[in-house]
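The chain that follows stands alone, in the form predicted alone, written as structure tokens.
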Amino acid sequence: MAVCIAVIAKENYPLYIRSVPTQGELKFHYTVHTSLDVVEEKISGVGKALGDQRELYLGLLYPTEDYKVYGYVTNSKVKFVIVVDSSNTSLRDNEIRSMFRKLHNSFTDVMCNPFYNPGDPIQSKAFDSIVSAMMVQAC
């Protein structure tokens, strides 16, 4: 399912990026950072149209030949990006939404940890195990 999962801070620097084929990790960093332009465009467009009632799930940001990139933004402007292999046609929109919900809940647990400084890279083993499960579930 997911080949890359990233958590991007409000200021657009990565808090966490993990990809399955580690030899293509730089390509996934590039893909995640190029998707931030689409995320910002969707946030600004939604904010003008609906005021503060916005949907956290941004949907498909853009498809490439090999991958599909999905986005999600929290109320605190932290962005989640999931890159999925485009050969996986059985993946539905509600499954992507549930992956983002699971990721958001795990991120909330990380933020509630009194020993975590907001803005630092995420090094939680519990968060990492949930991301690993989401990636293994994919394969």
Partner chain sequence: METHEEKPIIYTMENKPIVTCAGDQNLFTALYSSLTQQLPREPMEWRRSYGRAPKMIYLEANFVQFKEELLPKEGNKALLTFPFLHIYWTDCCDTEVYKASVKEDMQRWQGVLRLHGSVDWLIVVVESDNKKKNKTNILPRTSIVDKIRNDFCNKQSDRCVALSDPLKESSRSQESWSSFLTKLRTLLLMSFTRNLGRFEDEMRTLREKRTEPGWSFCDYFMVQEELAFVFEMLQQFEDALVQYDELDALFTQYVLNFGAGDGANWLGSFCQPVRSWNGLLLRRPIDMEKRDLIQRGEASLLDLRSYLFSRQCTLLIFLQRPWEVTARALELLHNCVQELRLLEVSVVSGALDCWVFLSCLEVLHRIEGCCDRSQLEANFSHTVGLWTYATEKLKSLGDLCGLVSENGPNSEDLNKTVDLLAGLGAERPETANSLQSPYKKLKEALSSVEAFEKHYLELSHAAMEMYRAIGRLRSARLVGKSLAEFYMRKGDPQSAENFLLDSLKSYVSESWSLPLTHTRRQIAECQKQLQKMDEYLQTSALLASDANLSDEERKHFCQEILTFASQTAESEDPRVALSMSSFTQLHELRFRPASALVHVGAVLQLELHLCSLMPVPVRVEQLAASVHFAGEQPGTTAQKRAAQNPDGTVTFPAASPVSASPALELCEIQEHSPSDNALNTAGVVCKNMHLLMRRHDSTTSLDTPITAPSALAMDDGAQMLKAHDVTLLPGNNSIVFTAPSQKPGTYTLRQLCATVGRVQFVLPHIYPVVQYEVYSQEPQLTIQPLTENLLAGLPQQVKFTILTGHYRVKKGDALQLSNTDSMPVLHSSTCTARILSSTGELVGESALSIQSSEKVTSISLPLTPPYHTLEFLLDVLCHIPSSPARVESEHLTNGQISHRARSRARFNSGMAVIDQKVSVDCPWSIYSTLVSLTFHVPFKVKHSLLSAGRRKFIQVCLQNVSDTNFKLTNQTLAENQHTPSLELLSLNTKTHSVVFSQQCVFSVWELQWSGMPPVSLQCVFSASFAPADAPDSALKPYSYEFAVERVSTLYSVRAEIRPAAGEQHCRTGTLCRLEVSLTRLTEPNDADRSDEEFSETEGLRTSRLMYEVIDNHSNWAVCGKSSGVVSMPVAAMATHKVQMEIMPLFAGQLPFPNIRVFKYLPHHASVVIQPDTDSCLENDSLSVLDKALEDQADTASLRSRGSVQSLGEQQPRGVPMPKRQAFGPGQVFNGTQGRQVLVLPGTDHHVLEVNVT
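Rigid core here is just the name for the largest C-alpha set that superposes within 1.5 Å across the two forms. None of these values were measured; they are calculated from a predicted model. Positions refer to the first chain, counted from 1.
Only in words, not in the display: the form predicted in complex with the partner chain, which the text now covers.
- Annotation: in the predicted bound form, residues 109, 116 and 131 none come within 4.5 Å of the partner chain through any heavy atom.
- Proximity of residue 98 to the partner chain in the predicted bound form: non-hydrogen atoms within 4.5 Å are absent; the residue sits far from the partner.
- Contact annotation: residue 63 falls within 4.5 Å of the partner chain in the predicted bound form, judged by heavy atom distances.
- Contact annotation: residue 86 falls within 4.5 Å of the partner chain in the predicted bound form, judged by heavy atom distances.
- In the predicted bound form, at least one heavy atom of residue 36 sits within 4.5 Å of the partner chain.
- Interface residues of 23-44, taken as those with a heavy atom within 4.5 Å of the partner chain in the predicted bound form (partner not displayed): 25, 26, 29, 30, 32, 33, 34, 36, 37, 38, 40, 41, in sequence order.
- Residue displacement note: residue 117 has its CA displaced by under 2 Å between the shown form and the other one (rigid core superposed).
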